[in-house]
Each structure stands twice: as C-alpha cells, then as structure tokens.
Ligand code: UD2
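Before any questions on how it binds or moves, here is one chain, the form predicted alone, in structure tokens.
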C-alpha cells in the first residue's frame, strides 16, 4: 500500500486532506512543527503516523519522505501580514522548507508531490479572472516565497523527473481554520466574532473582493491531482477556486443572516501587501483534473458558521480552537 505524506498535517488544510485519505483507508504520515498547526486538529486522525518536526531540518525531511509515494505539501506560514513583519521567517518556513523537502523526496524516490501554491502569486494585475498563463507579480514576501517554491517544484519536475503539481489556492475557508490569531483568514475571524456577537473589523472599505473557496473543494482538487496522469499535469500550475468573487461587505451581509448578528462593522486602514480583487479562471483545473467545485460559497459559509457555532459556543468543544 502506498504511503501519503502530508506536511502541515496539524493545520487547517493538511488535516482536512488527511481525514479524506484516512476515510479511504490509505496509509498516511503527517508532519508539523506546530507554529500555526494545532495539536487539537489531530483529533480523529489517530491512525495517521505523525512526526513532530520542522521541514527546515533536512534530517527530519529524510525521515518524513522514507517509503513515501505521494506528498501533499501544505506546510507554510500562510500570512501576508506576518511576512511583511518577518520576511526571513516566512522565507525559512516556506522556501527553505520546500527545498529541503524536495531534496529528500528525490533521494527517497517519491513519485509525486502536490504543492500548495497561492493566488497571491498574481499580485495586483487588474485582469480578472486570473489565469495560469498570466505573468506572476508577487507584492508581498509571502507571495514571493510561495512563488519561488513553485519554481523549485517545477524545476525538480523538469530536471529530476519528480512528478510535481502546483495547485494555486484562492482564499480557502472552512471548519478547523484557526480564528484566534491576528494572521488568520478573514472568514475564520468574521465567523467567530459574529457568532459571538462581537464586532468584525474590515481593513479597507470592504469593496475588495475574493474568490473564497470552501475546504471540500480544495481537498477534492488535491485528490484529483494525485491521481491525474503525469503527462497531463506534471510541472503545471493549476488554479483551485470556485470562479466567483464576492466583496467583504457582501460577505458580512450574508453572515448577518447566518449568525443573526445585528451589530455594527468596524472599518480600519488597508493592510500592506493585500490586493484589491481576486478571482480565478478554473478552466485549466476542469481540463487537466476533471475538477468541478463541490460546494458553493454560501453553502460553504453556512457549514462553516455551524462548525464555529458548535466550537465557539459549547465549552466542551473549545479545545478545537486552542
């Protein structure tokens, strides 16, 4: 039975992929350094072999890759704001970690790696929707580090024959996304605050828009990317999203309906490194992966609100958020 390695397995996306693989009775190994991942996220994943370690350590990477067929590389410090404050830390945990993993994967004979790319690679190009043939234009240290990781992934595919697929995620949200940090995704923070009856803060005028993508769609794309023929997908970057954008002001109005929040919204200054609008062209994902979004934005938001309602308002479940 092939073994699947998931980096960032205690994080929001990593644990969701792990749960899907374990549901198929696959052999799964996870690794996480808990900088942003949560030990509580491993609940229910007890059949996964887990390594507590850091991908900036080449020896740990060798241990993690031994006997592995396919890697889902989800580990990163996924925050534009954090990267502006600490570009060296972002580079270390995004780019250095990725190169270490690639070197170890090649040495171990890993067949395929699926890399969690980022829509931030497109920068502020005003053309919408964003398509994979566009020239990247990163405007934050996080975006630059993630894009550099893409280039290393694709170089290893070209030079060493490692089957490598880049999935560029667009604003993923859903259960298990940590709302406790200032670096968390905006929907995680909005959901928690409005479920509690607290005021959400929008940085900017709220007209900025995103192609918010529910977690089940991202897991679906990863599973498809692992199974797709190498000749079709190896060395490619592929958008993963819904293909529809919505403004933050519109999001808040939907959340008012879902949470019964009737308080005010606070507006603050725009955050450095943030882009104004983002929307994906997902035709390549359809063509190469057979991908179709499984859950639309409103339904995904409803499911997410229900999860936060259970974890935020019921003391017995609060450990999930620690």
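Quick caveat: nothing in here was measured; it's all calculated off a predicted structure. Numbering follows the first chain given and starts at 1.
Another form exists, predicted in complex with the named molecule; not displayed. Remarks below refer to it.
Candidate from 100, 234, 192, 184 lying within 4.5 Å of the named molecule in the model of the complex - any heavy atom: Exactly one listed residue reaches within 4.5 Å, namely 184.
Looking at 286, 256, 63, 271, which is the one with a non-hydrogen atom within 4.5 Å of the named molecule in the model of the complex? Of the listed residues, the single hit is 271.
is_contact(residue 201, the named molecule) in the model of the complex, heavy atom dist at most 4.5 Å: Output for residue 201 is yes: heavy atoms within 4.5 Å of the named molecule.
Taking 4.5 angstroms as the cut-off for heavy atoms, does residue 78 touch the named molecule in the model of the complex? Residue 78 belongs to the contact set for the named molecule.
Quick one: is residue 248 in contact with the named molecule in the model of the complex, heavy atoms, 4.5 Å cut-off? Output for residue 248 is yes: heavy atoms within 4.5 Å of the named molecule.
Is it the case that residue 210, even though its partner is missing from this view, gets within 4.5 Å of the named molecule in the model of the complex, heavy atoms only? Yes, residue 210 lies within 4.5 Å of the named molecule in the model of the complex.
Going by heavy atoms within 4.5 Å, which of 106 to 114, 217 to 225, 163 to 171, 87 to 95 lines up against the named molecule in the model of the complex? Contact-bearing stretch, as computed: 163 to 171.
Heavy atoms within 4.5 Å of the named molecule in the model of the complex is the criterion; list the residues of 133 to 147 that meet it. The stretch 133 to 147, when checked against the named molecule in the model of the complex, contributes only 142 at the 4.5 Å heavy-atom cut-off.
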